[in-house]
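Only one chain is included here, represented as structure tokens and corresponding to the form predicted on its own.
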């Protein structure tokens, strides 16, 4: 199967979209952006390939009528089990990396005690894995570092107390090792992980055991389909660092415009608030960019700004929107400058203003800045599409809808749950067009 892949290297996350010749999105992948951009691109692409395998498995199981009951429910269970296999694999890699790190001279005489403490920590981490990936379980993040890191620190604190080792020492071992683990993609044995994931589900269900052979055949078919990387296009804030030749790079403006057009063909105005910049884009009926404006080099009013505020308040970025939505009186914020954000936040709180009111004011300030950029690009015409990570923030969306109506009247505002993939989607379509319409074909390794 010929595949066309778009990779969007953002300042905080790297996204990938895999598309077939019929313009159907088969898989998506996302990972943290790293200093090692080759790895970020490889991991996001691998995640898109895994998503594609699940799409193909869904088609095969439906076609064969292999599952007695809900195919979607079965595949959801299979994916959770698969993700647990991935997590355990990376956990083992992290444990081995930690153990190798402590063999250095600075740990001379402490290797045994540290080794014992690490064994206890990683045994507990592995034992905790099944409940984390059980049906109905919630995780604040899907990224390995986020899942493993918090629990490592908590367990390591107890391990340090019981072993008389300094907690900072164990933390240092983790910090050094996680960087190394993150900078190499997980092993590519997808068939093995699928098999182990299925075995785990079968262990939990006698009914699945009876269907084992019936299920395995279409799954094997889905895993065996050759995915040929026909053409790959890179884009995003860090596109110049992607390991691609120049002809495989497209600007993020072009990719976001085309991606929004694919999602919503009637789109004429696109607002993208990413980690490092804000873009307002005007496109025509074919998704071709007619005009655009961006913020200056300052990261004020972008995702990084929200991340900084979350750090100042010692909460997760995902908690900002829900907290701001509880506001009853929006605080007027004088500046969205990231440098001064912490100071203004502390001053407002010290004056007795509520956290939720201050956060609501910060969200309004961000959207006001975005509205100014939209105005300079040509304003808003029906339809309007909001993309980027901030589009998942309900407080930002609420302010945007209010300000758009105040300034432009009632227009259709599109916000797709997969809006974070808009740039990668546009890049994948550019890849498809380059290969099919430009008659350019670059053969890659089968995945």
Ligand SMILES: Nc1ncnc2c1ncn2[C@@H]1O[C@H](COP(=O)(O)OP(=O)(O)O)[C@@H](O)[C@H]1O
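Numbering follows the first chain given and starts at 1. Nothing here was measured: the structure is a model prediction, and the numbers come from that model.
Although it is not shown, the form predicted together with the ligand is what the next lines describe.
With the partner omitted here, the stretch from 43 to 51, 57 to 65, 404 to 412, 384 to 392 that lies within 4.5 Å of the ligand by heavy atoms in the predicted bound form is 384 to 392. Among 26, 380, 420, 400, the residue placing a heavy atom within 4.5 Å of the ligand in the predicted bound form is 420. Taking 94, 345, 121, 306 one by one, only a single residue has any non-hydrogen atom within 4.5 Å of the ligand in the predicted bound form, and it is 306.
Within this chain, residue 218 is remote from the site of the ligand in the predicted bound form, having no heavy atom within 4.5 Å. In the predicted bound form, the ligand sits within 4.5 Å of a heavy atom belonging to residue 273.
Interface membership of residue 286, defined by any non-hydrogen atom within 4.5 Å of the ligand in the predicted bound form, is ruled out. By the criterion of a heavy atom within 4.5 Å, residue 376 is excluded from the residues contacting the ligand in the predicted bound form.
Shown here without the ligand, the chain has 10, 11, 12, 13, 15 in 1 to 24 lying with a heavy atom within 4.5 Å of that partner in the predicted bound form.
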